[in-house]
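As a starting point, one isolated chain is supplied in structure tokens, in the form predicted alone.
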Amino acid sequence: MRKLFNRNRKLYHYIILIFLVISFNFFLPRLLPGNPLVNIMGEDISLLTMEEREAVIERYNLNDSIFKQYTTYLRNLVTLNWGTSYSKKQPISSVLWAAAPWTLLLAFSNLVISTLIGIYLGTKAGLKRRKKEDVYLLSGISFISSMPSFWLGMIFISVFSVNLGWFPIYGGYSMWQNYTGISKVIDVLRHLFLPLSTLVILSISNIFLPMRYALIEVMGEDFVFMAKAKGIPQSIIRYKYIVRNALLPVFTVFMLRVGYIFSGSVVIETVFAYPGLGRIMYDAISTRDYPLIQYSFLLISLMVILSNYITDLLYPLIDPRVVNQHENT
């Protein structure tokens, strides 16, 4: 009964959080100083005639009360009637739903690959503590992770796209080619390679460092010395006793990263002109397309909340101690 209550309480917290984010997305533009038409149209408001201004006011119900505007906003959210992008001349919902799969592909591929590489290198460095391998890995990964993402991306474009011609310079696919089947998959992967490689290189340290330190800490635990005293083979001690127990705190870091993988791809999508949500937000800001900015921010926020909720559901399955802790409180 208490376990069910804890789950429902967590769900209620996320529902409240979603409601606050949705409300914040509505009220923030209206709290900005100045003419609300400027927040919608941007600097182009000066180019509109009086009739066009009145049409915009009527379209966004700005002549209604704030409560009626809010209820209309909630209804439009549910029906996906988010208006039209001024810069792209398309429905905002269509623009965002078309971009979301590209961001998910880039972000989750980076999460999986960088985690596996980080665990492998962190294990190798931790087991070789204070030796050459450990020093080289720690110094090299720390140096690489400090590089600006846009700078590393521009280097990749200059070397592998412009000079060598191995990979496309921009985009998520070849716009002027009608690839199908396996040819289309290969084309998408070629466009994905450089932005994904940039993200992976910059993200490895997020897992490498926790894995290395967790491994060093576990190596000093009493049960490891006990296993050695019993004469258990070194290979079993290394992977069954040390690495396995070191993965629990690393999994905590992994789950925390799930909720923030979308924000990390914004700069990379802009550098490589990758057709994801980050690129959409950059274009919307550049063209002062405020409705598109508003709803792209909302969609990314909801994706982050959903990721965190899934994380909360999965974590007790990995670490049963979390369940026991909740039951005892």
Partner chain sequence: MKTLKNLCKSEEKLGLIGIALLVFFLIVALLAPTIAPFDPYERVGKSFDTPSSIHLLGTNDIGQDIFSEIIYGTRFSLSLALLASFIAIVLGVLIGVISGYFQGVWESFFMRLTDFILIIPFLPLVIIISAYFSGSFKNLALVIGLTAWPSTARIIRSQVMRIRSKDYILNLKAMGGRDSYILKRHILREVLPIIVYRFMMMANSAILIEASLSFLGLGSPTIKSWGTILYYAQVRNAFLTDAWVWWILPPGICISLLSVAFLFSGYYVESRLNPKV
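Everything numeric here is computed off the predicted structure, so don't read it as measured data. Residue numbers count along the first chain shown, from 1.
The same protein also has a form predicted together with its partner chain, omitted here; what follows describes it.
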query	finding
All of Leu105, Lys184 and Asp187 with a heavy atom within 4.5 Å of its partner chain in the predicted complex	no
Its partner chain in the predicted complex: contacting segment from 74 to 82, 94 to 102, 189 to 197, 138 to 146, heavy atom within 4.5 Å	138 to 146
Its partner chain contact at Tyr14 in the predicted complex, heavy atom, 4.5 Å	yes
Partner proximity in the predicted complex: Tyr173 to its partner chain, non-hydrogen atom cutoff 4.5 Å	no
Touches its partner chain in the predicted complex: Asn308 (any heavy atom, 4.5 Å)	yes
Close approach of Leu314 to its partner chain in the predicted complex, 4.5 Å, heavy atom	no
Heavy atom within 4.5 Å of its partner chain in the predicted complex - qualifying residues of 280 to 297	Met281, Tyr282, Ile285, Arg288, Tyr290, Ile293, Gln294, Phe297
